[in-house]
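Take a look at this one chain, the form predicted on its own, written out in structure tokens.
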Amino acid sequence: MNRYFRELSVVGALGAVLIAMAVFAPAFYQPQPLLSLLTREAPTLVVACGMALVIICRQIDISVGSMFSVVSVCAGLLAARGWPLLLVLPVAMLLGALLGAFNGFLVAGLRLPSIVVTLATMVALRQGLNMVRQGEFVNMPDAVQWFGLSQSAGQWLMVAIALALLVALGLAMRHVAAGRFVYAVGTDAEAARLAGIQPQLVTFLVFVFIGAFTGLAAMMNIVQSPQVQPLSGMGLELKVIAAVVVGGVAISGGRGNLWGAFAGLLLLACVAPALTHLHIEAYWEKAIQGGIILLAVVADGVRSRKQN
């Protein structure tokens, strides 16, 4: 029980919010708005899965928002030129993986601080995209919307993709040796090296994975709208880092799981619609989310001090 205290605390807080909404705002549970909420958060969940890997490995990637924007625009341009979605999808994931590999090379290969590397690539990608596109949107063909399915079917498909990735990666982190390597490197890279693990390779690969996941999320983004915005990923990095940290992944690395990150994302995502249904001013959203994040960080610090 103590091992999963943070995760259970987040689940408890989420349950309290949902119960409060059932009592004070039953309209919150209308099927279509709930499905739309889950659909909007599905790409964020995909990126959060990759961010959890990176943070568990004791690294950080704040360039995912810019990568998301770049891949969204590139994938949108390909789809607008008539490329089939079955071909655009692997290209988007490959482009994301290449961008992640560049970060991974600088961090793992040259041993540069990940916060500095990803800050630089975040700014470079964002400014480069602004220069090339000048804020121009990409108009998408009708056939691209919702993967060519009905809106309802497309929404369920995106939720299913995000949940399938969460389950598969969560099981792999627990039961596959490569997943345990990530925890080992995040806990103590030198001890992991002495145990026969290659910390630099593991670090490189987690950046490749978060890049590929960001590419998948970008693809899930472009099918939701008739236009692709060049700044569609603005603020995404803060959102996924917040969800992962609130969900119990230690910012110092080596501890946490994807199930907690999922609960953290749902908790933060419920704030805005809850305020709307309770007729509370929207500007409280960021303040409440900030308070939740602060409480999570304080709880993590208190727990670390007790363990020490």
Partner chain sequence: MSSSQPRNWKALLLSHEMLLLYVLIAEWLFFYFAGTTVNRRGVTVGFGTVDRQFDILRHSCEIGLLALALTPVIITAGIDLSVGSLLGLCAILFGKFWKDAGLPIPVAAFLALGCGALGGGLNAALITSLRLPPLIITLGTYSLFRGLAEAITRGAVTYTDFPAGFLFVGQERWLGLPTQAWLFFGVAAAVWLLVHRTTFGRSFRTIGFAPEGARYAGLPVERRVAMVYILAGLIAALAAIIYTARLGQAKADAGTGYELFAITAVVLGGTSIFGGTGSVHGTLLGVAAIAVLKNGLACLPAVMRLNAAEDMSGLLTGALLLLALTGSVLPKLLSSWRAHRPAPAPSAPSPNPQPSP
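Numbering follows the first chain given and starts at 1. Only the largest set of C-alpha atoms that superpose within 1.5 Å between the two forms is called the rigid core. Just so it is clear, the model here is predicted, and its values are computed rather than measured.
The next section is about a form of this same protein that is not shown, the form predicted together with its partner chain.
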Only one of 153-161, 81-89, 115-123, 68-76 has residues with a heavy atom within 4.5 Å of its partner chain in the predicted complex, and that stretch is 115-123
Heavy atom distance at most 4.5 Å to its partner chain in the predicted complex, all of 35, 148 and 170:
no
Any non-hydrogen atom of residue 238 within 4.5 angstroms of its partner chain in the predicted complex
yes
_residue 12, heavy atom within 4.5 angstroms of its partner chain in the predicted complex_ = no
Using the partner position in the predicted complex, report whether residue 294 sits within 4.5 Å of its partner chain, counting heavy atoms only. yes
**Item:** Distance check, residue 23 to its partner chain in the predicted complex, heavy atom within 4.5 Å
**Value:** no
Item to complete: Once the core is aligned, please say if the CA of residue 288 is shifted by at least 2 angstroms between this form and the one not shown.
Response: yes
